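Heads up, the chain below is alone and in the form predicted on its own; it's given as structure tokens.
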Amino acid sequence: MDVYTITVLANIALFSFLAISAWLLLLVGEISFGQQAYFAIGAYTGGVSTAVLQLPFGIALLMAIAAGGLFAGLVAIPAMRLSGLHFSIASLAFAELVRSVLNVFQYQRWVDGYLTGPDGVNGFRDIRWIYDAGIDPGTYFLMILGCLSVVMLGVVMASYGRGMTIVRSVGENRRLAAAQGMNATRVRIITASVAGAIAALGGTLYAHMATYIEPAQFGLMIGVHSLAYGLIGGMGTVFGPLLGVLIDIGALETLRIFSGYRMIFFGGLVALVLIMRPRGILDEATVAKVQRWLRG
């Protein structure tokens, strides 16, 4: 494959982490416009770990996941006292707070003859691990795909156990779930932490592919798109948000017919799907039909 094709496929995979992150919160009954905050936290944590601190890439991934999960959990503890529009506004406010902090955050060091590290609004350059390690774009794309596969496998496995059943129960009717002995607040906080960790993982993978990041890259529209992917793709399966990413980046962004009008088409598609299929293309009923068909 040529570099352009690899880049498009890599972007589809990377933004799928964000899409799954927002989708998990939708399942638990919350609409978040702020998952880009954890994507940014992961990007900066992973970038600093390898470019500035010179830590191994695997350690950088673990640190990014831990940072995303920790911050998401800390935010969720007070935010989960809210619900509906109030939670959505709180998530957006936190994302803008993170972006504002990154605009002034500076932590630079000389490494191998060049100055690297976050430089506030000027961005963070020379996140060069994949080049220093001699990894070509195709190989790195496979690494991204491998990480995404692990995340999806984890969600699928949870779907066959009680984990996702509890999450969906809390999302559908919080009071009924509590009446059945489920701690709805704890479930929501844990789900938010897992969602933050997934977004942060995608963020650090994105930073190492781009080699340059800046606060402006983690604005509101990324959060809106990540939320819309799940709404379009469907709530019935983890493949739903991936379908949403494929439609947006894989089709609308790459086809020349949509050049210059991508946002118009995407917004119209979101509205159309929500009217015709409120739970998305791959909703629970559709997924159940497919499962019955596969079982014969």
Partner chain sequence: MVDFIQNTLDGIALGSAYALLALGFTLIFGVMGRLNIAYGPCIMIGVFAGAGVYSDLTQSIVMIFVATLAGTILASAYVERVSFAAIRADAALASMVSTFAVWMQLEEIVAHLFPARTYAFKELGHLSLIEAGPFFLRQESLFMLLVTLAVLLGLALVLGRSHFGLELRALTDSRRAAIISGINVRRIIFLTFLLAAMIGGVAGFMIAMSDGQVTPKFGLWATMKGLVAMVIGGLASLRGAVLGGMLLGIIEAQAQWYFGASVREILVYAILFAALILLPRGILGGPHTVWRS
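Numbering follows the first chain given and starts at 1. Computed from a predicted structure; not experimentally measured.
Absent from the display: the form predicted in complex with the partner chain. The rest refers to it.
Although the partner is absent here, residue 52 lies well away from the partner chain in the predicted bound form, with no heavy atom inside 4.5 Å. The partner chain is not shown here, but in the predicted bound form it comes within 4.5 Å of a heavy atom of residue 78.
Heavy atoms of residue 59 never reach within 4.5 Å of the partner chain in the predicted bound form, leaving it off the interface.
Although the partner is absent here, residue 249 lies well away from the partner chain in the predicted bound form, with no heavy atom inside 4.5 Å. Considering the partner chain in the predicted bound form, the lone stretch of 130 to 138, 192 to 200, 143 to 151, 98 to 106 in range is 98 to 106 [heavy atom distance within 4.5 Å].
In sequence order, 220, 221, 224, 225, 227, 228 are the residues of 202 to 229 having a heavy atom within 4.5 Å of the partner chain in the predicted bound form; the partner itself is omitted from this view.
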